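The chain below stands alone and is given as structure tokens, in the form predicted on its own.
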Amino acid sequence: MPLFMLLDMDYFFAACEEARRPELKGKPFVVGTSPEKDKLHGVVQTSNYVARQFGIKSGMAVSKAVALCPDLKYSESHEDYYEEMSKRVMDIVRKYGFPMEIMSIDECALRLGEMGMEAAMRLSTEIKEKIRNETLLTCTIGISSSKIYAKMVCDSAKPDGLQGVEGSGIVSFIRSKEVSKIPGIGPKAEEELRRIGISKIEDAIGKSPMLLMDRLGSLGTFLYRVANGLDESDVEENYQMLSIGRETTLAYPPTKESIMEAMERLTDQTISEVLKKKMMFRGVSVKVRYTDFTEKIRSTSIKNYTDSKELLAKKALTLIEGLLDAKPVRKIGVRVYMLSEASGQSTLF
């Protein structure tokens, strides 16, 4: 049976600040959206594990966090620094040569193949040590028979953990967990499942897949397969994707108007780079990073290659519209991919 590895950096953004400022180590600490002088008007983006013991969570007002922990240390976000640290980590992992999917700035998955659990654990130990030695950061690794199961194993082993679960052990490992522990099962789906008596994963075992589909659509089929040990989610290799794009951090709190203005600037900058490199594209994607540092990416393809600014703007705006109401937005990006050298007149459709 093939194995998969899920690597997730521990409290990544706060850990990056601790690596740069060792005096913060072991003290309650958060990274927030506002400058230091205006911190009480900001929102917690992430916290270290010491701060979490006081009930401090991502998305909480910094003023409330300080009320919970008067000795709380604070740093404004330094996203360029975090992205550079992320690149260093991903480069370390990439050099091992396995098919790799970068899932977010602090998380990636590898398809290890049929190497066996013992060898996979040795490899994971080596990777953890290499990351720690080269970046001063810790990570947690989960190993299992699919990407989703590896993610769930990783989540249960945090922080700075390493765990492997495979074969018949999968169902017994996950069955007592809440359904919300399955990646992709959000609050609305969880509420709908509670209406039919499903709160833990074991409650879904043996349920009719048609019932789950009726309640949740394709998500119901996904739940059925995960609960019954049938998930086969694979790594989607993306780290070699040739692309051109631009990102920007928004002033907090952003307005719909400021987001649209930023989208226009990013589109202009992206097309300028496309034309400079004499390229055309067939894929468009947008990325939104929220104030709690979760990210969503939406992509679409175009029938023919183009270098049209108007078409890029239209596609990008359509993609981002559905991402703006979920949570407060911190950062947005526009990117084109499926590139080809320009050889003639632009195609609009």
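Between two forms, the rigid core is defined as the largest C-alpha subset superposing within 1.5 Å. Residue positions are given as counts along the sequence shown, with the first one as 1. Every value quoted in this text rests on a predicted model; they were computed, and no experiment measured them.
As for the form predicted together with a small molecule, it is not shown, yet the points below apply to it.
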Worksheet item: Is every one of M9, F12 and T46 in contact with the small molecule in the predicted complex, taking contact as a heavy atom within 4.5 Å?
Response: yes
Discussion item. Check R52 for me: does it contact the small molecule in the predicted complex (non-hydrogen atoms, 4.5 angstroms)?
Written reply: yes
Worksheet item: Using 4.5 Å between non-hydrogen atoms, is S308 touching the small molecule in the predicted complex?
Response: no
Discussion item. Taking any heavy atom pair closer than or equal to 4.5 Å as contact, tell me whether S58 reaches the small molecule in the predicted complex.
Written reply: yes
Discussion item. If we define contact as a non-hydrogen atom of the residue within 4.5 angstroms of the partner, is K158 a contact of the small molecule in the predicted complex?
Written reply: yes
Discussion item. Taking 4.5 angstroms as the heavy atom distance cut-off, pick the stretch from 286-294, 316-324, 22-30, 61-69 that is near the small molecule in the predicted complex.
Written reply: 286-294
Discussion item. Core superposed first: is there a CA shift of 2 Å or greater at Q53 between the shown form and the other one?
Written reply: no
Worksheet item: After superposition on the rigid core, does the Cα atom of F293 shift by at least 2 Å between the shown form and the other one?
Response: yes
